[in-house]
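Look below for two forms of one protein chain, each set out as structure tokens: first structure 1, then structure 2.
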Structure 1
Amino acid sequence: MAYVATRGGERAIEQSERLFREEMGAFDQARVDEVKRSLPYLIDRVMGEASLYDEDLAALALAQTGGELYEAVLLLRAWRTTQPRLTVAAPVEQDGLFTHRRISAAFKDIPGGQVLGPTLDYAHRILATEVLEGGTYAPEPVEPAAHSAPAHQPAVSAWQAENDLIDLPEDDETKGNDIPDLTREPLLFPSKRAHTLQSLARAETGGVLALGYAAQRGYGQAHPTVNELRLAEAEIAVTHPDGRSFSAGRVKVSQAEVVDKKGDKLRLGYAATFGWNEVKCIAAATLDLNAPGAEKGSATEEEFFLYHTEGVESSGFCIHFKLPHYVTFQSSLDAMRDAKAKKAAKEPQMEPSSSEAVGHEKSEPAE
């Protein structure tokens, strides 16, 4: 199979792009601000998959692409390659997270308790159709508690390790630019754990969910239970030129630990991402839990799920099929005609109909 460069169609190409953009119309800062204000969870999803945290840029990408998520993520991934890297922050530690939601399905009485935070898990799914009839959807305000929830909570896994329910290795002390980085190194297999988790953090939500769901339904070796799910804000800890460490701001993060019991200890799967996207984290942690010992080519094999959930590459590959493959099809047609001619030569009594002959002429693609 081979590809050739083709010429022609410049005007049509230009007009097709114009048509796409014209249908969305002009937009300005007000549109970007409205997208940012009204679609925070979509912004989070785009920032996570783009691996770039900035709500303004994510809202701009969504406004510019009309919500075509793959294009929005691609725009942001492309933009980030044009920017200098200022520094590498200190690793975010679990007990330093400013926590908004922390639950465990595996253990009812986790130290620090369970706070549901913002969620629709227990809500009735009723469409607010009154809005389409001129009404306003005004949610009931929260009734704040008299005292504050603890800002910081330790990891559930740390408590389990203290109770000999789980074996946790010592923290890896790799820091700064020495942390393996997918944006500067290729993904090779067996994958470094830092690459695996970085790749899952950037993974396309739907793809991760599909493969994680397959594992959850029984196509993997381990059934997950949520050990800890957390939505939080993480500090960006950087260093002043005089050596003082400080937080340069916060970003929203989500993370999930899932657990499986094999033998006399618990075994963990883990995933985290920018923004609040717990479905992606649970599905990704399920894949991480199932990866050890997975059969080659199965949905839970690391190489399979890391390659196939890389949204920019997989959507780009899918989209490329729309681009012309004239030479490929020309050679295929030639082979088909040759085979047909040979068959006809062996069966001289079978005359092709006139309509078939016309069909051949019309189906031939242009080069």
Structure 2
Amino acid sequence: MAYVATRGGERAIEQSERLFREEMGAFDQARVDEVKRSLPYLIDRVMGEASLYDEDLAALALAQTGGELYEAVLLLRAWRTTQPRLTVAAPVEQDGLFTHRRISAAFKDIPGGQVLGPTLDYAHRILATEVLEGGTYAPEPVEPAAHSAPAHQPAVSAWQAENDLIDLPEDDETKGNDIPDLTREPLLFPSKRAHTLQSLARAETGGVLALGYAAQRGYGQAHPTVNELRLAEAEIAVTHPDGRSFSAGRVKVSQAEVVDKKGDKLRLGYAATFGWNEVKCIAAATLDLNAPGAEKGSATEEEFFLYHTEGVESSGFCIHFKLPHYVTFQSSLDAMRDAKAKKAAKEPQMEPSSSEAVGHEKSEPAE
């Protein structure tokens, strides 16, 4: 596609950017801290879609863009490309996750028990309008349970595999820099399994939800049941150059497993992402479940949903239509006018009717 270079108007362009930034005003570390403290789930979403875990930088990106999510994710991904790749962390096992929330809609009595954790699933959705009238919204304090839930729980799918209900994927022995990395390699089809899960992990939440919802409503091949949904913190273990393994800290992660009955076994769909984002994980796992055997061009075909849920590329392509297309549009107009002229030339010349001739004569100005 050809573009016309923008010439002239530099002052207008500069002032339009100033106008955008003036609406947000000056900001400092205090505003960044406030964004980070008051909008934790938005921070999680930006980190997940940017595939970079850094709460401070995500809060800075949101403060700098006035909450424009696409711009914030783009800023964070662009910054990520400037950073060196120091090392590769060790694989994280599911039963090693420090779990805050873990539920199953498939089995009530799952090994380790269900942990509701932080959620609004069972709450009334009532707007706190008293705040606009000068009041303060103060949440009720949490009452500790009589017995603490176990910090670590086994995977529900592992228990199902032991009971011959499901076939788990074979272990992948690829390690270190040999692990396919979507941030350094293009997405090609058929996609590598690692690329598929990485692409879903950083996919745009709304796009994943739209296509996953379509599959759930019957436009897919399999209807999901949430086998296990987990919000947790993962310990990041890395190896020092001298050979010692140590913890580099914890990151918040979400993961979802959905299942569907196929023959005498359950079929598994899986997704995980940075931060806590349940809806995205359930929708992404639904797409993963529906992908095998999906019809070409359907919403559940892997190539379709991986391309169309890539938020930075899709928003960038949409935004570029605002840039000047004068040459291409003029070419379209010329082609349209040429076709119109050729069509008119081929049409037979019609003899004017007597009434039209009279009217024409009446409209002639007097000399």
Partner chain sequence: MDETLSTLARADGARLKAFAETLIPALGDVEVVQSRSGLVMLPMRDTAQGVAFHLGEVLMSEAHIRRSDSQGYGMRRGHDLEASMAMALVDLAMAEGVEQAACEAFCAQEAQALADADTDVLRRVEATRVNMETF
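For numbering, take structure 1's sequence and count from 1. The term rigid core refers to the maximal set of C-alpha atoms that superpose within 1.5 Å between the two forms. Everything numeric in this text was worked out from a predicted model, so none of it was measured.
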item: Index of the chain form predicted together with its partner chain, chosen from the pair; value: 1
item: Large Cα shift (2 Å or above) at Pro241 between the two structures, core-fitted; value: yes
